[in-house]
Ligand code: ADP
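Here you get one chain, nothing else, as structure tokens; it is the form predicted alone.
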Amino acid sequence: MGSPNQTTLPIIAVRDGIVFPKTENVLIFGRLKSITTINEALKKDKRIVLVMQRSSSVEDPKKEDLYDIGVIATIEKTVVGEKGEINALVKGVEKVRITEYTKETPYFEGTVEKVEEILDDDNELQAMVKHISLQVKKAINLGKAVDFVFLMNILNVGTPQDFSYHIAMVLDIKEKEKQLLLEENNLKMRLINEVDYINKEVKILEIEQNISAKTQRKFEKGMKETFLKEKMKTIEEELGGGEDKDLKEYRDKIIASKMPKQVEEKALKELKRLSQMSQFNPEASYVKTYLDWLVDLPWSTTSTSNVDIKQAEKILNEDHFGLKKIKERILEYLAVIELRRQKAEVAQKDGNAEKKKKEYQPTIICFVGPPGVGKTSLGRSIARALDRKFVKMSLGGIRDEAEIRGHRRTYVGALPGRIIQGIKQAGTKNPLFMLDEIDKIGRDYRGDASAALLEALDPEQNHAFSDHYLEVPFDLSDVFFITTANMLDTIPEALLDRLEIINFPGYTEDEKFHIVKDYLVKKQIDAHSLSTAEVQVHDAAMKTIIRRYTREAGVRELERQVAGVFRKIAREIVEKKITKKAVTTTDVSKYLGPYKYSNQIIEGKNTIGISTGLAWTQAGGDILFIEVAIMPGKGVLTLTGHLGDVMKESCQAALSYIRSRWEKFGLKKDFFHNFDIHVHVPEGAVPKDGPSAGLAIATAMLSALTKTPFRRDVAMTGEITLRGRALEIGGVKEKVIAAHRAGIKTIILPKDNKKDLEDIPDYILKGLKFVYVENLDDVLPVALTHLPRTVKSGS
């Protein structure tokens, strides 16, 4: 037997649903051990000890899995469920501590002793009881679910201790937190914890109610708007018409845009779809975006079409120096546009306007030339001369076809292609549209972007250009398309066939001088916040910059050098407080450093085995030295200098021609078997290709084999055949300008290239002697200092 305060009772482990002293609750017992304990207690005094498990996941707890503090409870009533579980109404009696387990099977039984609590009834304790009561009522008003019996017990509780136990039963806290409240023996401390719990619970309920109220208001507002809109539609339909304000605005815009009939039908069809959609439908925004594009495009808006040829010529001359033939071609184009306009007015009166329009096929112009010669800026000048909007689209690096023709509306974020975007940006259906760098457009797995241009740049098709996004044809026949390229080799043939090529040659030294004097100096003075009163540039200084600091076909690098001079002057004005500066030749080297290029780049003397050729590059013309070395060997031909396949073939052809005429040139029959020939073109890092160096290579080989010096002031160009014939080549203007710049006095050209000298300025032709040849025999008397001993002139 134990002490009087101890007693031995059956013990039941509970997962949750703890019962505090003086409180009642219905618990469900389903585990075999728990059912056995209930039945055993019902046979005796109906008293059991309820103890919480430390972990609710343990299915068959041992005594180590149970807390030490529990509650003696009496079983008031039991009901057996369908699956054998027992629903029991239990009432807590007093808090006890388990001192010893006397039995573990078939159920727990143990000795327990009553736990006494510290009860200090003072004003603070009463205040807490009152506060908790108010907070419970507030929580119930905010939606807290409390059983009516519990609520009545809380309101009618006599002592603070019993109040505390009833409050612990209704708090929305975890089971472990309830166990801590049960184990707390100081009534005041337990009430303090319960104050914290109920305050936190009320705060959460307030937040939940606030969120619910906002959601409800938003939902009610949306439902109200939808209901009112539907009601308004019904009323308007009953009254015989009317529609939503936004839809009416779209309808008005569609009518005002004067779309073609086919496009208008498409727009109205999409508008009808929009009117049948809910405002919450995400597709409604896509339809609105599509309609915005349709109504914003300039279906009928055009710039003025009057063309003043004299005024246009004046504008072109103001903006660009030289380019005479190109300007003439542009003015011819503008004259055709003006004539077309005049004839269209007559046809309009006769009712044949549509027929006349179909008869006319505009030309797509392509400006081809080296960088920096003014291709893009000339396009801007043409737009100004025509008084049309200017749109520039850079094609460099574009690989995706959708960039040109747009994305289909099945994609999220789909947009029209850049051509349609440019038309919208211009705001007219007849802008000047410049497609820049058409030779640098790419292709990959996403499609061939250049192929997408075929329709836009074909006068036969572009009156009904199809953009994937619009899904309706747009008339591009009034657009003035100009394309630019540095070279034609990379443009697909089908696209090239649609273009009229206008070649931009490089500028001569005289043209560059006028461009610097009349354009670039003024432009850079303004760009550097200077004035002509503060800075003057002598003509000799300008020519020095052109000759000694640049070597290009265009004027981009020239402009950078001029800008470099003005930056230095601006700094001097700020630092040294000078008020006026005149730039002389001496100042140029001070500002820009040592000369980058020599004035004369031809050989210093007549040399054996070195000939001077003329080459065309993307940056203009240049001179090319061909070096040939003869050495003892076994007939090996070595070619170096980063030569392309065509140029290597020219070397082979030149050697074969010399070997086939060994006797005429005074060579031994088997000379090639005793020598190795090495042909080298300096600047080996620069790729070189093309057939136009054939004559120069053959002449250099003969010079080396016959030990006859080559004239230093002679340069040549032309393809050679196995019979020694000189064939026509291209790029004559650029090559002649390069020869003139390098100090060459005599130029040898194939006879068929004589016609190409018409494009070259007279002042360059005056300083040069031209020799036209039909075969290599005509070249040798001019290029070599003397003929080999068995070669006769003209033979």
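Since we're looking at a predicted model, the values are computed, not measured. Quick note: we count residues from 1 along the sequence shown, nothing fancier.
Below, we turn to the form predicted together with the ligand, even though it does not appear here.
Answer for P371 alone: is it within 4.5 Å of the ligand in the model of the complex, judged on heavy atom distances? P371 belongs to the contact set for the ligand.
Contact label in the model of the complex: E559 to the ligand, heavy atom within 4.5 Å: It does: once the ligand is placed as it appears in the model of the complex, E559 has a heavy atom within 4.5 Å of it.
Decide whether R405 counts as a contact residue for the ligand in the model of the complex under a heavy atom distance cut-off of 4.5 Å. No, R405 sits far enough from the ligand in the model of the complex that none of its heavy atoms falls within 4.5 Å.
Does any heavy atom of I420 come within 4.5 Å of a heavy atom of the ligand in the model of the complex? No - in the model of the complex, heavy atoms of I420 and the ligand never come within 4.5 Å of each other.
Out of the stretches listed (624-632, 196-204, 516-524, 584-592), which one is close to the ligand in the model of the complex, meaning heavy atoms within 4.5 Å? Careful reading of the contacts points to 516-524.
Which one, F321, F665, F672, F390, lies within 4.5 Å of the ligand in the model of the complex by heavy atoms? In short, F321.
What is the one choice in N281, N210, S377, N87 with a heavy atom within 4.5 Å of the ligand in the model of the complex? Checking each option against the ligand in the model of the complex, the one that comes within 4.5 Å is S377.
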